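Single chain ahead, by itself, as structure tokens, in the form predicted on its own.
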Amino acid sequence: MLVDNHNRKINYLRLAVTDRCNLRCNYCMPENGIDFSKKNALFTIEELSRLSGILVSQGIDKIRITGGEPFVRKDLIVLLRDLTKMIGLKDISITTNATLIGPYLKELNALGIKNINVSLDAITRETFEKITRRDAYDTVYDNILRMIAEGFNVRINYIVLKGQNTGDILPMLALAKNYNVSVRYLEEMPFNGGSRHFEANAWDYKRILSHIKEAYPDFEEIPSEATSTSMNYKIPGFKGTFGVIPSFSRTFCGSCNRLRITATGDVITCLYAQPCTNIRDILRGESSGEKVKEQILKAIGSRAKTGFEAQQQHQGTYTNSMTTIGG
């Protein structure tokens, strides 16, 4: 079992398999992209499988596959097959932009990988294309509807962006009205890869809730897991739910159970912290299993108590894109 220096049990790994993405969302990276890592700097699928096994042996029982866009890696399904065979791993989930997942849905269903988070910041075509800078609207929505029809547990992650998509906040709730999905609104974060200046969050979770309440005053809060980052709600008559994630306000730090490892091996103990070590070369060396365990224990043993404390440790300057951090 992994327990940090604040007595929080760490059982959830967010594992990035690539820093590449086929979209160019304007809050995430510049229009021409970023300097992506060279292939030999990324973990191989075999290395990702071995690393996952090591972490599971230390008490990780939930792994979320992230990116970049995970399905940019055409061999991702090999890793997912390996993960489903790991004893002690109870939950495998994926965060995706839903552009490339279509051909894999049948096998994902067969493997029992049912929990899919879709990063989607607009319900209208014009807003979608303005934010993503790509023409993938039909593909994304077709794949979402297919996942719903095929019984996946779909959650929509919608980052609220001042001056860009606030007009889509209420229309997006139509998905929760008509389908058993969860639409979750996130506060904007400063991890934009230098695509634009970030000063403050104009739409915090309180404002988002207030905006929804004007249209749906009767929504009720529903119970959430103690480690949940989202506060979740039900609107009478809706098949699904909605939630808000205070990703910039960081009200959930006290129950944080997450560890992040990037596609190049950086270990990140808090979304707002700098990497505390890199385990890629260690994993590729001799006696790698025990040495990786040592580094993970060391990282877990020196976590910041909150995201604000982590931010203060490096003066709150961010040049990374979310696509390199892994979300």
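Treat the numbers as computed from the prediction; the structure is a model and nothing was measured. All residue numbers refer to positions in the sequence shown, first residue = 1.
Not on display, but discussed next: the form predicted in complex with a small molecule.
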| query | Among 64-72, 273-281, 44-52, 255-263, which stretch has residues whose heavy atoms lie within 4.5 Å of the small molecule in the model of the complex? | reply | 64-72
| said: I'd like to know whether residue 168 contacts the small molecule in the model of the complex, with contact meaning heavy atoms within 4.5 angstroms. | reply: no
| query | Might residue 143 be said to contact the small molecule in the model of the complex, defining contact as any heavy atom within 4.5 Å? | reply | no
| the small molecule contact at residue 101 in the model of the complex, heavy atom, 4.5 Å | no
| said: Whether residue 187 contacts the small molecule in the model of the complex should be assessed with a 4.5 Å heavy atom distance threshold; does it? | reply: yes
| Listed residue (249, 229, 95, 139) with a non-hydrogen atom within 4.5 angstroms of the small molecule in the model of the complex | 95
